[in-house]
Structures are given as C-alpha cells and as structure tokens.
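Only one chain comes next, encoded as structure tokens, the form predicted on its own.
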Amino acid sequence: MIRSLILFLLFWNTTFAQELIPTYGEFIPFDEKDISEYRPQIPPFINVTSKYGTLYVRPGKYEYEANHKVWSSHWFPYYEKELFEKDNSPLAKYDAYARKKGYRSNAREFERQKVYNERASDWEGLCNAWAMAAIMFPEPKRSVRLYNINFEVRDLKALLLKSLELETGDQFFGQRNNAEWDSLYADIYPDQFHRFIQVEGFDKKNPFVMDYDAGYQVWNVPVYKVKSTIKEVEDNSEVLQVKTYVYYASPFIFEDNFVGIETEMKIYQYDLYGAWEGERFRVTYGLWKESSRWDHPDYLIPRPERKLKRESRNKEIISKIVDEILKYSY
C-alpha cells in the first residue's frame, strides 16, 4: 500500500501539479473585475494615472500622428556578427575613421571579444537603442564617404544605435515582464495604456517607445501614430468598448540604404469600466478583450525631455566620433 501511495504522489506531482501551478509571467485567466482594486501600486508596477491623473474619456473617434518623424532600421541581434565580422563591417569602418583622426580605436575587436554572444536569444539586440534613436534623432538619409571610407546608411544607423545602447529612457510605465513570480501578463493594464496614449499621443503629439510583446521577450518599437474608437455599450452604462490601432516603424530592414518608414500595426481591444460624471466617463479600471489578452503591450516609455545618455556596451565607441560621421548624412 505504501508503494502504491508513493506512485500516486509521483503521478500527481508530474501530471496534475503541472496543470495547477502557473508559469510566472504567463497569462493566468481569472475574474479581474473582482481584484482590480488590489492591483500593485508600487514599482515595478508603475501606474500612468499616478503621474498623469485619472482617466476620463468620451465616446468618439480619436487620431494623432507624432510631430517627430520616426524611421525604420535593422535591430542588429547580438547573435549576429554583422557589426564586426567583415573588413567592411560598420565597426571596421568606424575604427578606420577613428584612426585617421588620431585615436587608437579597437571597437571591432572589442565587439567580437566582449559583446558578441553566439548563444544570445534570437530577440536580444539593439531594438531598445533603435526605438529610442528613432523617436529622438533625425534619420541618417544618405551614405557618407570620408577618408576613402564609404559608410552606407545601414552602417550609420548601426553606429548611432551602438552609441545609445545603454539608454533606457526616463520612465517605464508598466512592469517589465521577466517571467518571474511577480510578473503579471495583464500588465500594462488597458486603462493605463489608454491614459498614456491620451497624454503623450493625442495631447502632446509625441512619438513613444512600446514593447509590443507582453511576454518575457523584449520588442521595443517607435510608435508614431494612434487611432482609437470608443463606443458605448447598449444596456450597460458602466462600460465603454475601445478599439485602438497603433502604428510603428518596423525593425526588420535589410537593405543597405533604406530610408524612411516601413510601417507595422497592432490592434488592441479592451473595455473601460467606470461611471459617468456629466458628459465624461470616469474610468476605474480596464480589461483586455479576448483578442488582446495574449497580444498587448508590456510597457511604454515616453519621449525623454532631456539630452540622451550616449553610452555603449562597446567601450571603444566614442559618441563624438559617431556624430562627426553622422553629421554629413542629415
């Protein structure tokens, strides 16, 4: 009998327990309306409304396009060797130019020895640097030839991204999903998402950075346009239905001299719950609709108002030299 009990426990642990124990950072279905008041209010769960105030909405159609024009670029994954492998690679050209200017530059070798990681996940790369560069810097638009060194547009974008590699922005809204015990897949919550686009988008006309993957992978992109439709629900005055289209520049660019925006778009649907105060609807909380439960933003980063920190994982890269090269491409 003892042997049978042991076998039962082993079977339960390997079968039923796997069904009952959730994987942290993944979506766990539950009735969020019953626990909305218990949402975490401290970092890393940073509420948009704690900075921008309560969300009020009205039914209607809303749209904006950012005043700053963002741009597409390749995002240079860390498992790739493109930045340093060949003699005409971006960092080989950078070293050649820097040495012509009197610097002892070894950025190509530093990248090979200290930064490159053949075992990096396929999503790890410079998307954070590219998204920040795209909402803050003008796009390099033409190739540059200096000291008989020909920098293609792709090379110039690579150097700019490397010079911003460690820039993270001023503020994360929403929790970074690290697939740990306190990672909630529903965050960033839709009411917080909507308040952000209301202020940074519809009011300020700013581009912003969005991680569009709610899971542990990071896919930061520069958002430049949003369209949103808010509708009343028949026979229910406590909820409004929202459908929001988010337009952003693509990171999957492979041409050497690509200039401009290759646009991609996400559609997010969610319900906003609250009560009417005169002609305005005061939002208490929001829930993602079924179509967006798995596919919604993880966090948002507003456009910084300060001068960006120019710092790279590659200690041989000097932003002043990068800017000397770039200025001929604007």
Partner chain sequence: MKKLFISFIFLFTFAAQANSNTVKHQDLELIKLGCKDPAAVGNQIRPSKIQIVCKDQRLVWEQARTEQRDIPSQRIISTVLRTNKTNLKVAPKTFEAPVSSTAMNCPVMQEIKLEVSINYNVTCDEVLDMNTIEDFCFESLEKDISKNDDIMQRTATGNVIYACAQTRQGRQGRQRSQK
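Positions refer to the first chain, counted from 1. For clarity, every value in this text was computed on a predicted model and none was experimentally measured.
What comes next is about the form predicted in complex with the partner chain, which is not displayed.
- For the options 227, 99, 204, 141, the residue carrying a heavy atom within 4.5 angstroms of the partner chain in the predicted bound form is 227.
- A heavy atom within 4.5 Å of the partner chain in the predicted bound form is found for one listed residue only; from 193, 248, 208, 94, this is 248.
- Using a 4.5 angstroms threshold between heavy atoms, residue 241 stays clear of the partner chain in the predicted bound form.
- When the partner chain is considered in the predicted bound form, residue 212 lines it closely, a heavy atom lying within 4.5 Å.
- Put simply, residue 254 is close to the partner chain in the predicted bound form: some heavy atom of it is within 4.5 Å.
- Using a 4.5 angstroms limit between non-hydrogen atoms, residue 61 touches the partner chain in the predicted bound form.
- Contact with the partner chain in the predicted bound form holds for none of 167, 303 and 330, as no heavy atom of theirs lies within 4.5 Å.
- The candidate stretches are 105-113, 129-137, 256-264, 148-156, and the one lying within 4.5 Å of the partner chain in the predicted bound form by heavy atoms is 256-264.
- Interface residues of 280-319, taken as those with a heavy atom within 4.5 Å of the partner chain in the predicted bound form (partner not displayed): 294, 295, in sequence order.
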